[in-house]
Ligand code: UN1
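One chain follows as structure tokens, the form predicted alone.
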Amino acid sequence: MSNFLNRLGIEASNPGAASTSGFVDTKGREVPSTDPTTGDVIASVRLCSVDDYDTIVNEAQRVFAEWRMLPAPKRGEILREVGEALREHKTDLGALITREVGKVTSEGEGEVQESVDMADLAVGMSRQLNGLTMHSERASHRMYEQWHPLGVVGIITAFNFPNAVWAWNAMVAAAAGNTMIWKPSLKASLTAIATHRVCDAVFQKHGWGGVLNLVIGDDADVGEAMIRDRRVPLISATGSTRMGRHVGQVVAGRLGRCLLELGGNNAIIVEKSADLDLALRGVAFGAVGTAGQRCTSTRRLFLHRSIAGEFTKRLVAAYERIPIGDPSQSGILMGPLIDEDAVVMYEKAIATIREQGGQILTGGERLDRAGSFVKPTIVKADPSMPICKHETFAPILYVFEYDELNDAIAQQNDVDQGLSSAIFTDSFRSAESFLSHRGSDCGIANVNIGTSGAEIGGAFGGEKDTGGGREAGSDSWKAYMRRQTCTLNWGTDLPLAQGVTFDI
């Protein structure tokens, strides 16, 4: 790992040696990056100041004026090479994610593959930034719409996807002709620096340094400066709902744009007709994968009463044989929580569950070993328990029973969040009811797959307190561009719309 960091110019053995930008030599205070598996410090990173941020945004503005004029397919050619660079470093970047965040090896490498896929998708998007042509009501007139880049895009990411969520935004924003400034979580700063170095090297090779920019700093100063900065027309922020409310209010106050990907309290419904083997795998990965620290992690499980007893018994048995440990080791399926604060949050949630009458069927405690390890937990609960309405970023799964599908859907929707949802059923009618206007109110609705593990081809995002943003595929590129309606008069008269006359 140290060899990989050193090859990228990051001296991991020396605290503070990891530079955060090609444009500034920051002298800020040092913040450690800690391995959640062992509790050991991997390296320290110097934080940027508000003055450093100002230098970076000025450079991003300067480069934008030129980058936007490069034809979009030419921008796509550079992004294709970025994808190749990520492929080349996939194993090393995946291993760094595993060490810094605690994801198992397949998930760490899978996250980098997601960034590769985003680069490939953005290459295609660069030739499909299409506008519509409309018919004018006026003779000898033509109407059409076109899309222009916004400018400097601010990208704020969370620790749980320290590589891919940036790519969801950056690849599309770059294809659209924007430059960007990335502010990553301080809990995953090394992955951000390494990812930036790999991708920025491609842009530098082509003479486009300054398209990608990285600033690592405190939320209270650098973060506030970014969200209040009128030079940054779009802020894409991933994190908690609490954080998103603040970002949204501040950016709206300056009439800027926000793309928010916030909390999820995701549910799976298992019908009596479901393939229970399929459902068991979907629930287990959704609830335990990434130690329950995905925004799409399964938090709530609704079981039809006729299969609830059998399925719960099987699920408890599956939980109790899940290999927990060093995520870099073969066969491990669950690594640690991100840090000690996350463990404390987990323990507080367990205490609250007991106070509110929940029955812990398995788990509910910290593992007695070094690192931030806890046991994945299943709770027999009632949907009215207040804690079930909130997202706990940990592997805690609430299990409920239901009799009628409409009641289960209503209970699933009866939370403030609206990100991901799923149903396991072999009933065509049940599946269609779940997907209908009266069904799931989430941005993602799946049938016979779990809540977690979205493909990049679709637009990713949620409703209600999840923020309403959309990233990755489909027409998500429109969030990073401004629409312009154009009307051309190629005749010799000047007719006005709606038959208005104004003769002089």
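No experiment lies behind these values; they were computed from the predicted model shown. Throughout, we count residues from 1 along the sequence that is shown.
There is another form of the same protein, the form predicted in complex with 2-aminohexanedioic acid (UN1); it is not shown, and what comes next is about it.
- Scanning Val63, Ala479, Val57, Ala454 against 2-aminohexanedioic acid (UN1) in the predicted complex with a 4.5 Å heavy atom cut-off leaves one residue, Ala454.
- The partner is absent here; in the predicted complex, the one residue of Arg99, His89, Arg197, Arg294 having a heavy atom within 4.5 Å of 2-aminohexanedioic acid (UN1) is Arg294.
- Interface membership of Val165, defined by any non-hydrogen atom within 4.5 Å of 2-aminohexanedioic acid (UN1) in the predicted complex, is confirmed.
- The shortest heavy atom separation between Tyr346 and 2-aminohexanedioic acid (UN1) in the predicted complex exceeds 4.5 Å.
- The shortest heavy atom separation between Trp67 and 2-aminohexanedioic acid (UN1) in the predicted complex exceeds 4.5 Å.
- Among heavy atoms of Glu114, some come within 4.5 Å of 2-aminohexanedioic acid (UN1) in the predicted complex.
- Remark: of stretches 154-162, 272-280, 219-227, 72-80, the one touching 2-aminohexanedioic acid (UN1) in the predicted complex is 154-162 (heavy atom within 4.5 Å).
- Of all the residues from 115-131, none has a non-hydrogen atom no more than 4.5 Å from 2-aminohexanedioic acid (UN1) in the predicted complex.
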